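Below sits a lone chain in structure tokens, taken as the form predicted on its own.
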Amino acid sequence: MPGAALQLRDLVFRYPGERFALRVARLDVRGGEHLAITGPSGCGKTTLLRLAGGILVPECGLVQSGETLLSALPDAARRAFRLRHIGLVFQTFELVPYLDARDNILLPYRVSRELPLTAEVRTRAESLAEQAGITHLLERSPGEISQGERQRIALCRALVTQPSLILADEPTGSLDPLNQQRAVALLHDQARQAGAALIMVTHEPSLLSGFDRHLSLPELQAS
């Protein structure tokens, strides 16, 4: 698929000892597309994102990001690819508590020797923080700031490497309706500025209007 940010084919995954299996025959996400995925709790939404990001490996089938067959790579290579090309926003944001906001944004460059922490990268991080409205928080630790502010730090971290694919797992789950809308608007805006494809898992119907496409995971599995 020309211009595809993500392709899934004949995907099957199950956790050891569990009967439930996630099965997806086909999913294509084009470059720059914003896709929302919904479905009831326990249907496999988080598992799907973790497979798309190469955190998990399917029992069978393939996961391809751009020209890279992600599901065929060994662990270290998948991790390296993920750090360079995929931005991840977890439900709990996964900020490092002993690092300040600036270093949390720059974390991919702190943990990978293949990502040089240049002056240009530092400038990009500062610019992202300014656009997200968190410049005044850059020297504070996650424990000193609000949930919504931590969320914006996580979004900046997901974008600082200029990824081609952003995966966001219910990033608004603990926010009130107003801050949910603000957070998703920020995610859309930052993803478009980066030219990245965005896949966001959500259980909130009110957040779907800004997406190019919406898929229900149970319907996708049934197709």
Ligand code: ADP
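Keep in mind that this is a model prediction, so the values were computed, not measured. The first residue of the shown sequence is 1; numbering continues from there.
The same protein also exists as the form predicted together with this ligand; that form is not shown, yet it is the one meant from here on.
Taking the partner from the other structure, this ligand in the predicted bound form has no heavy atom within 4.5 Å of any heavy atom of G61. Contact between A183 and this ligand in the predicted bound form is not found at the 4.5 Å heavy atom cutoff. The shortest heavy atom separation between G66 and this ligand in the predicted bound form exceeds 4.5 Å. Contact annotation: H34 falls outside 4.5 Å of this ligand in the predicted bound form, judged by heavy atom distances. Heavy atoms within 4.5 Å of this ligand in the predicted bound form belong, among the stretches 157-165, 192-200, 46-54, 26-34, to residues of 46-54. Residues of 11-30 placing a heavy atom within 4.5 Å of this ligand in the predicted bound form, in sequence order: Y15, E18, F20.
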